[in-house]
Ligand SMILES: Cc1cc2nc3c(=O)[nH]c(=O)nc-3n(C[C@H](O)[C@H](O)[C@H](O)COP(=O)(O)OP(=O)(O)OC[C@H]3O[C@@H](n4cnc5c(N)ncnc54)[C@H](O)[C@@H]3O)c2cc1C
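Take a look at this one chain, the form predicted on its own, written out in structure tokens.
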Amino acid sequence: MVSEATTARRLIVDDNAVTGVLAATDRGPAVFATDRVVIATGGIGGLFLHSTNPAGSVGQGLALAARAGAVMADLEFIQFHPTALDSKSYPLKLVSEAVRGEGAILLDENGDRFMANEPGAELAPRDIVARAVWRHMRAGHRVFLDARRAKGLDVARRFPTITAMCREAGVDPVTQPIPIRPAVHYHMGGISVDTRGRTSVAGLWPCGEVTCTGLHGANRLASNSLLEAAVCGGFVAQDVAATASTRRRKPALPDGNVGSDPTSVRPILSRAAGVLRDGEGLRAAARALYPLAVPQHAASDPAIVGLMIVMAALRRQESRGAHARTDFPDRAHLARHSTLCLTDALETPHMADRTFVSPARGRLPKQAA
């Protein structure tokens, strides 16, 4: 059965096992009785002011799983693409690093090539370039990608799609430098799963960007997310098909039929959990997000996801991959995954200036043999 114009609002769970889904339909709330649910809702870019993701990608799948009691992993690892076209559109259009690969360079409004002396210069990894661009912007500069002097590069011919989107925004990359800024691009963290795609809640499988399989580490490499989604999605399909249904009677209609409005969350999360983070900003964000997350209203689901991200970032007192803290600039000797449950995130922010969250109480998924 395919149900159109239907939005999942809550998972119904009994004794740590899925028993149904509460959904909003064009005819009002509805409950679907099921003991097998697959979440494939994408990322969290819509929770930030600047993102290459659709505005509707606000972590709905993370909120569904978190409210059901599932364990989250590595939520603090968010990849920022360094060269999104700086415009008023949402989402921001992406200026591929292939343009830099062809010889384009980064300049500010004064023509200063501020990455010239950095290892790798403009061809450094995404996180390094994003941090350099962000620091330069915070210092009061505008940043541009200049392809005009790249030797032998015919921008319009080599990159027709990028040329067209720049011209649509009023910039001709053939004769003008392209204004750019970092933007949220991909979430390495997500719902914790084992090698079969199972979560800590029986009957719940996620796949795609909403998961944390561990395959992307702390700093995803370009172009492998679709491959991971297809391969790990295949594992999920196999495991769902091999899992016998023990469907129970139709669950009762629970509360929770609210929307998912990220408007109030975006500025808070963008300030605190952006390219560069620090404990003071993260603690302030936790205090601001907590009162939005607790009541049942349109901002509560985005606020819950934002709060979990902030608490995971506060907990990781080091800089690793896409997670960079100015107050903890060094990388720890031992790499560890972080885990967090909604109960942990909700218990901590209202405590005065706590810098550490308690270990996740949820049951971690068992690794398949």
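Just so you know, these numbers come straight off a predicted model, no measurement behind them. Numbering starts at 1 and follows the sequence shown.
Beyond the structure shown, there is the form predicted in complex with the named molecule, which is absent from this document and is the topic of what follows.
Colleague: Which residue, S225, N219, T243, S264, has a heavy atom that falls within 4.5 Å of the named molecule in the predicted bound form?
Modeller: Comparing distances to the named molecule in the predicted bound form, the residue within 4.5 Å is S225.
Colleague: Just one of S338, S319, N53, S300 has a heavy atom within 4.5 Å of the named molecule in the predicted bound form. Which one?
Modeller: Selected residue: N53.
Colleague: Pick the stretch from 271-279, 100-108, 179-187, 69-77 whose residues have a heavy atom within 4.5 Å of the named molecule in the predicted bound form.
Modeller: Result for this chain: 179-187.
Colleague: For the named molecule, considered in the predicted bound form: do all three of S87, C166 and T175 come within 4.5 Å of it, counting heavy atoms only?
Modeller: No: none of S87, C166 and T175 comes within 4.5 Å of the named molecule in the predicted bound form.
Colleague: Using a 4.5 angstroms cut-off on non-hydrogen atoms, would M137 count as touching the named molecule in the predicted bound form?
Modeller: M137: no, not in contact with the named molecule in the predicted bound form.
Colleague: Could you tell me if A293 has a non-hydrogen atom within 4.5 Å of the named molecule in the predicted bound form?
Modeller: A293: no, not in contact with the named molecule in the predicted bound form.
Colleague: Decide whether E122 counts as a contact residue for the named molecule in the predicted bound form under a heavy atom distance cut-off of 4.5 Å.
Modeller: So E122 does not count as contacting the named molecule.
Colleague: Closest heavy atom of E209 to the named molecule in the predicted bound form, within 4.5 Å or not?
Modeller: Residue-level check for E209: yes, a contact with the named molecule.
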